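So this first bit is one chain, no partners, the form predicted on its own, shown in structure tokens.
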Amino acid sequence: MKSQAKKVCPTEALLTTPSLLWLLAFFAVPAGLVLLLAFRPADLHGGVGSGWSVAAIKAASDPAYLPIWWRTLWMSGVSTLLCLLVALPMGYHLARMPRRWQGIMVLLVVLPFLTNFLIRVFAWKSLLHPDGMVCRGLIAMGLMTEEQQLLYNAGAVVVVMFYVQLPFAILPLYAAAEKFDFGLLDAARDLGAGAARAFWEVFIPGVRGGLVAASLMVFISGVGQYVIPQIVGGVDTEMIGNKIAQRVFSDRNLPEASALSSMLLLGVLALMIANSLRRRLMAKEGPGV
């Protein structure tokens, strides 16, 4: 057994080396540079000054940013919740479809990825425009007036974020549901549980890993958005990504942009570490349950 383990370890290290080098070159090193840049002073000409300073950190910690952070969190949270509410039953039904239909339906789910991201967002802007078909239809049905509009508000941003990020929720839940033993649902019904109770108390705990993965993927994607609020949002829908872009392109204050980016990055890393610790704890408790 020991000799087999010694033969496997070098092979595993060789197979994982390209991935580790990729992550090191295109994630760890850029993230480290962003963190270091947050402790440099800003140059009056839009560059980075010499020496070290915490001025950018203090500026990024200004209480004026708190409403923007809160808006970023709640809009990302609402879009994540909407994605899960739709993706959960979709993953359930996809996994129960005949095998020949599953591939077709999954292809339809990922089909929007074949279209440019900006084109999809601008398409939604056209749909929600006062002269678009959605507004015209709602006005014709008497559900809204000419003075009301669907664009440039938080609702428009959440709807477009929901549309863009929905596949990130469907695919992990489908993968988890595909491994689920649906005979457990039949057993729960035989024991007297209704369809809704069996779904809530048997299926959802059974796909908990996919549910957590989908939540993290959608939420992390949401907190970093800045294109969607910029195109379909208004002045009151700025997210932290918009402020980072503003500091980079308009104000040319790279250290403060790096400080804001570092805060966002550390928050995302905290979520990932918490999820990793949760999985390890569950793995330890699993055999004893």
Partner chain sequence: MKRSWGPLIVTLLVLVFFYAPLVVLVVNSFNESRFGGTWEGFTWKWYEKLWSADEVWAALVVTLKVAVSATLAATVLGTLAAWVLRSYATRLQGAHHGLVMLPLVVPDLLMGMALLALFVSVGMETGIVTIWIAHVTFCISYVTMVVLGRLRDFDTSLIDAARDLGASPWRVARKVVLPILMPGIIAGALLAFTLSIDDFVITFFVSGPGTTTLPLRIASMMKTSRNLPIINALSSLLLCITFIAVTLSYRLNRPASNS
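Everything numeric here is computed off the predicted structure, so don't read it as measured data. For clarity, a rigid core is taken as the largest C-alpha set superposing within 1.5 Å between two forms. Numbering follows the first chain given and starts at 1.
Only in words, not in the display: the form predicted together with its partner chain, which the text now covers.
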Looking in the model of the complex, any heavy atom of L114 within 4.5 Å of its partner chain? yes
Give a yes or no for L24: in the model of the complex, does one of its heavy atoms lie within 4.5 Å of a heavy atom belonging to its partner chain? yes
Just checking whether I119 would be counted as a contact of its partner chain in the model of the complex - the rule being heavy atoms within 4.5 angstroms. yes
Is there any non-hydrogen atom of A270 lying within 4.5 Å of its partner chain in the model of the complex? no
What are the residues of 211-244, in order along the chain, with a heavy atom within 4.5 Å of its partner chain in the model of the complex? M217, I220, G224, Y226, V227, I231, G241, I244
With both forms fitted on the core, give yes or no for whether the Cα of L15 moves by 2 angstroms or more between this form and the one not shown. yes
